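Shown next as structure tokens: one chain only, the form predicted alone.
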Amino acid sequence: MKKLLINGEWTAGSRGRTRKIENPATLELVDEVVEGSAEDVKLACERAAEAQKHWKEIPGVERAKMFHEIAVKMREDRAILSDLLTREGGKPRIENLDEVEWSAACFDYYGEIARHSHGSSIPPTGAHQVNFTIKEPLGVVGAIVPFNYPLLLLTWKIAPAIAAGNSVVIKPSELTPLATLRMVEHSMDMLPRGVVNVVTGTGADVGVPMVDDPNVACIAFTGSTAVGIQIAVKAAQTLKRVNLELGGIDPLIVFEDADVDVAVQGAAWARFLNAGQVCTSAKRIYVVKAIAKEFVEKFVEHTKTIKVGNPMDGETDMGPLISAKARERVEDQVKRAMAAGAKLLYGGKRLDVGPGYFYSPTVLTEVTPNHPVVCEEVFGPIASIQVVKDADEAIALAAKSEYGLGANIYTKSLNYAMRAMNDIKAGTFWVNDPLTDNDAAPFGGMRKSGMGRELGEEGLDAFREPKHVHIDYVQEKKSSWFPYARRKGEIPK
């Protein structure tokens, strides 16, 4: 049984309840974890606040050494971490090996950037004055993380947060807490007590008390837009900072000049990666009519080659959905889309490749903007292809959304690329290389896809605030002070 981590101590929590973590591919028990409570959250936040007072004073060069050590330990523990990620979350093992490496690289990046980013010098407004800014940590950061990339999306929050001098209290997804607990215990054990704390449990039992806790200065959350709005409203009541990476219904456009064979495989990977359980996956695919027939035929044939099965098998391309509830929601969305006129070209059914929550990669055409698979976020392996007349219609439809997390296009035309980039609201815009992230570049959404940014120096600034320092190194009376009688000649007559 895995316990909570509070102030460097592993504890069974305040109420003695546990939750079983099952493998979504085999339905076997992986482990049990403690179910945290509001009391546990309160204690963790208090201890984190105490630890942060000392942590913020540690020089950046010392933090950098610790961050590089974390990265080394994560890479050394890559086999075990990826095994846990696979068994608790269902992604293919190869994808989880990548996730561990990307997470380690993020710690390396922030170890260096936080060492040299602290503020700036400003031109003074008068003689014998010095002006500069320093960027101070916020305090305690509450990190609420989803199931689909448990370590990566956690690292994107806590690496910049603690690099900036904050302490953190982590709430992993109740479905996938095991790799997080392993990483904190084995790769982050050199950090001072209380800098990193983990309270496992549900949103109601742990997430809500964390948002409400007076010691928490910022909530960093990845999840649905509906929950993100609730967090933003509650946080506004106490003027807490929020960093929200929310839902996405991202477009992918294939223009008529694209290399169809490349675009087919790129679009399929961008949609079916992690069984479609990716915030930035290509949920709306627009193909220009001139190449639509060839693209659709090749896309269906390529989809048929995707091997679905046990994610521990090295030949598996796609594993199960995370839960029975997740699969049922996808089934309902496909059913409603077909009832509204969508045409099923492939898939649309459960797969008997194991006892878990497997669902076939599915291809739908003749979808419209009003179909559930287009206007709702589909967290499953459903490719919805819309044929459009030309580039103008493709860009217009892709841009027409309440969301704006990411956008993808395939084209050789700089004109198409720049027009689409200018017209489509999206936090990340990918040209011919879908879903590729960069630790040095900001990541986040526009519109209903969230606020704030992770990664890059912008991600560091999300967890600190600037203080302006004004120094006059000569003490003298100022002409602007009282009495104003000596300035009466300045008043216009």
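Since this is a predicted model, take the numbers as computed values, not measurements. Each residue number is its position in the shown sequence, starting from 1.
There is another form of this protein, the form predicted in complex with nicotinamide-adenine-dinucleotide (NAD), and it is not shown here; the text below is about that form.
### Task
Among 197 to 205, 347 to 355, 180 to 188, 254 to 262, mark the stretch whose residues have heavy atoms within 4.5 Å of nicotinamide-adenine-dinucleotide (NAD) in the model of the complex.
Contact criterion met by 197 to 205 only.
### Task
Evaluate residue 174 for contact with nicotinamide-adenine-dinucleotide (NAD) in the model of the complex, applying a 4.5 angstroms cut-off between non-hydrogen atoms, and reply yes or no.
Yes - in the model of the complex, heavy atoms of residue 174 and nicotinamide-adenine-dinucleotide (NAD) come within 4.5 Å of each other.
### Task
Would you please decide whether residue 381 lies within 4.5 angstroms of nicotinamide-adenine-dinucleotide (NAD) in the model of the complex, comparing each non-hydrogen atom pair?
Residue-level check for residue 381: no, no contact with nicotinamide-adenine-dinucleotide (NAD).
### Task
Considering only heavy atoms, tell me if residue 117 and nicotinamide-adenine-dinucleotide (NAD) come within 4.5 Å of each other in the model of the complex.
No, no contact at 4.5 Å.
### Task
Answer for residue 55 alone: is it within 4.5 Å of nicotinamide-adenine-dinucleotide (NAD) in the model of the complex, judged on heavy atom distances?
Judged by the heavy-atom cut-off of 4.5 Å, residue 55 is well away from nicotinamide-adenine-dinucleotide (NAD) in the model of the complex.
#### Entry: Candidate from 231, 374, 387, 97 lying within 4.5 Å of nicotinamide-adenine-dinucleotide (NAD) in the model of the complex - any heavy atom
It is 231 that has a heavy atom within 4.5 Å of the partner.
### Selected contact from 86, 401, 166, 148, since only one has a non-hydrogen atom within 4.5 angstroms of nicotinamide-adenine-dinucleotide (NAD) in the model of the complex
None of the other options qualify; the answer is 148.
#### Entry: Contacts with nicotinamide-adenine-dinucleotide (NAD) in the model of the complex - residues in 230 to 249 whose heavy atoms fall within 4.5 Å
The stretch 230 to 249, when checked against nicotinamide-adenine-dinucleotide (NAD) in the model of the complex, contributes 230, 231, 245, 246, 247, 248 at the 4.5 Å heavy-atom cut-off.
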